[in-house]
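A single chain, nothing else alongside it, follows as structure tokens in the form predicted alone.
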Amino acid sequence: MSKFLRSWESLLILILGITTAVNISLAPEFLTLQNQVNLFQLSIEKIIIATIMTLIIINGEIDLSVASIMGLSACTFGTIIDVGMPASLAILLCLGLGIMLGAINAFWITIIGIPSLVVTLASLIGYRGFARVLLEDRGITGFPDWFIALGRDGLIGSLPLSFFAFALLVATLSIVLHRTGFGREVFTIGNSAEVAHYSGLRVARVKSILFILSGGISAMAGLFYAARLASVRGDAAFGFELDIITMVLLGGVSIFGGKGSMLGVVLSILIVLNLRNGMALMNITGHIQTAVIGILLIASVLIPNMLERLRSVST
């Protein structure tokens, strides 16, 4: 118990409590059921991707292309629907596209040996460019009602299917990360890929699985995004990378790999959602909200490293 009280997760619980209390005092409507549903629904695609990003960063890698894959998948869905293809087939094709794009990233990273920062930065630009080429300045609407219902209507109560997809991913990836041999490999490789390789671990295989999963989950998030908005444009999900990476790093996942927990990321997600929601209720502009998230990103990298150095000095 005393170890948990000294952990990063305990600090996140304290920050979450303070953030919630401030929101309640400044915006009484914060606690309404509709607002709590909106708190998740308006950022659901980001938090879905944050689950797999947790494993990637613990593994010592980064995927900057997730929002671009999300946007390209959404735009591809719109384009396919626009030419008259059935939505059910379009969904399967877009999920396959996301998996393929993740596999392309994995090829350059694990086979060719280019750092993931470089590969996924290039992918971010390239995949976003393809989305722009597909739609140019057009917006596509006219999706089937049943598809729009996936992103808007409550599956149970007021909660849409996307929320349950997020909950399932959290539960599944938590078990994988903290209770399986694959999860131990993720941590070991994140601490030192070279040592892991000489220990007989299949480093390339583990990394490839993670990037392929990242592509597939990002595509799924893109479909939920298209369903929630009932439309797509070439700039779909533009800039979502900032929030996603902030959620993961603020959750205590080390940017250098080898350290982190899904619990910390879930607490971090709640903090970021509470901050954005509270600022929106207080009519704080989107630019200021983005600046606050940027400051959080810097703090989430600096503070854990400073605390680690203080612990090493004290010991």
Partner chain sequence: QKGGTANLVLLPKFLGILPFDQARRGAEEAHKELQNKGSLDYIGPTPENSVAGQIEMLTTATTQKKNVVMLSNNAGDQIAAAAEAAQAAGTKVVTWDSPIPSGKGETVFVAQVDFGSIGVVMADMAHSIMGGSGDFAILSATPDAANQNAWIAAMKETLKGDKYKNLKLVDTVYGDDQAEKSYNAALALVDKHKNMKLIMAPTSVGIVAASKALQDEKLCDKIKVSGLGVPAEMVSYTMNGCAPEFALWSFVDLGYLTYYTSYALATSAIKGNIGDEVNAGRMGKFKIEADPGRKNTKRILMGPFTVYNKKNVEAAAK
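Quick caveat, the model's predicted, so the values are computed rather than measured. Numbering follows the first chain given and starts at 1. Throughout, rigid core stands for the largest set of C-alpha atoms superposing within 1.5 Å between the two forms.
If you look for the form predicted together with its partner chain, you will not find it shown, but the lines that follow are about it.
Of the candidate stretches 86-94, 211-219, 163-171, 131-139, only 131-139 contains residues with a heavy atom within 4.5 Å of its partner chain in the model of the complex.
For D235, a non-hydrogen atom is located within 4.5 Å of its partner chain in the model of the complex, even though that partner is not displayed. Its partner chain in the model of the complex comes within 4.5 Å of no heavy atom belonging to F77. Contact annotation for F240: at least one heavy atom lies within 4.5 Å of its partner chain in the model of the complex. S158 falls outside the set of residues with a heavy atom inside 4.5 Å of its partner chain in the model of the complex. After superposition on the rigid core, displacement of the C-alpha of A291 between this form and the one not shown amounts to 2 Å or more.
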